[in-house]
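Shown here is one chain on its own, the form predicted alone, set out as structure tokens.
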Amino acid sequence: MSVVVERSPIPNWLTERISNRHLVAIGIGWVTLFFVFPILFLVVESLNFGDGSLFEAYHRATGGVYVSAFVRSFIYGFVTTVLTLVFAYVLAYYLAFASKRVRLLLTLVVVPLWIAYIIRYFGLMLFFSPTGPLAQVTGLEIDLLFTSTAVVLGLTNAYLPFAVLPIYNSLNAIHHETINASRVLGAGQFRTIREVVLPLSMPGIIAAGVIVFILATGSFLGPAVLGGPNQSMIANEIARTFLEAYNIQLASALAVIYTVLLVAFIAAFNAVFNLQEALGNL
């Protein structure tokens, strides 16, 4: 005997009072309150209304160590995104087409998100240490800590789940009949992947790339735990400027510049790949 559990319908009074306009207004209000207003506040705080130039903080923010931090952040973000997409695509492909324990493996992918980043980064720091498991197993003198390699590997490890899930969603939506038709027409496995599977999974790749790049370029804990002074990223410089030097004006200018650069990147990326169409196909 089977038991059928019916879903509770949405109350009529709720559907009558809340329309699509209300939902849009809630979304716009949320973005305005927690994104637009803070950015405007930072813009005001970054300006010098006293003696000297109005944009004095911006002149300081576009020189010296801060430029290096901006460049380093975007380079780390790009390299992390490429590595993450490669690893995530292989894992997502296995989950979608080869694995018989999809739920178990997806759970293992999601579980790291339940663990605080600081714990995961410290775990990697112990793993990469000269006396850690990696050095003991290989018998080699590992010198990865406080290097760019350690930071990129740490960021890749931290943000891998954010790439696996959207890519798996795109791959899982591909009908097996489409793949079988490619095989029937004479295409081998690699050609099928290159000309059929890869183009159809592009929405997931684009979404994963954008998410990972945004998270990686703004990372604070990754370079703080796994890197040294030469691996400092822009988030570390903003925190140091505010918490140690207590220069709110300069820290605000750095934050505004970083936000503008990131929004400009997303706009350029959208012009090339059309994010609305890609994300709409997920």
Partner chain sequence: MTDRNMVTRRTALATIGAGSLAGVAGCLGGSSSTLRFLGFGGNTQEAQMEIFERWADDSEYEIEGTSAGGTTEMISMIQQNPGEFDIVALNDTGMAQGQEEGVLEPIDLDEVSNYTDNIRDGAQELTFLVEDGETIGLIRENGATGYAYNTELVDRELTSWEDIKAEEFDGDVALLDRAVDRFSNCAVAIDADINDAADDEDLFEDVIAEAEAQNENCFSYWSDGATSIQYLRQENATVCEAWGGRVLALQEDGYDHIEYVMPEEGAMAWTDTLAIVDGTENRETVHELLNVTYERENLLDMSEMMNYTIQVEDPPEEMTDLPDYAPVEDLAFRDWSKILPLQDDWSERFQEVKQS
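Positions refer to the first chain, counted from 1. The structure displayed is predicted, hence computed values, not measured ones.
There is also a form predicted together with the partner chain; it is not shown, and the following applies to it.
Student: Among 80-88, 173-181, 157-165, 121-129, which stretch sits within 4.5 Å of the partner chain in the model of the complex, heavy atoms only?
Tutor: One stretch meets the cut-off, namely 121-129.
Student: The partner chain isn't shown here, but in the model of the complex which of 36, 26, 44, 54 has a heavy atom within 4.5 Å of it?
Tutor: Here the answer is residue option 44.
Student: Given that the partner is absent here, does residue 250 sit within 4.5 Å of the partner chain in the model of the complex, heavy atoms only?
Tutor: Looking in the model of the complex, residue contacts with the partner chain include residue 250, since a heavy atom lies within 4.5 Å.
Student: Should residue 65 be counted as a contact of the partner chain in the model of the complex, where contact means heavy atoms within 4.5 Å?
Tutor: Yes, residue 65 sits close enough to the partner chain in the model of the complex that at least one of its heavy atoms falls within 4.5 Å.
Student: With heavy atoms only and a cut-off of 4.5 Å, decide whether residue 210 touches the partner chain in the model of the complex.
Tutor: Judged by the heavy-atom cut-off of 4.5 Å, residue 210 is well away from the partner chain in the model of the complex.
Student: Tell me, yes or no, whether residue 74 is in contact with the partner chain in the model of the complex, where a contact means a heavy atom of each within 4.5 Å.
Tutor: Result no; residue 74 lies far from the partner chain in the model of the complex.
Student: Output the sequence-ordered list of residues from 215-234 with at least one heavy atom within 4.5 Å of the partner chain in the model of the complex.
Tutor: Residues within 4.5 Å: 227, 228, 229, 230, 232.
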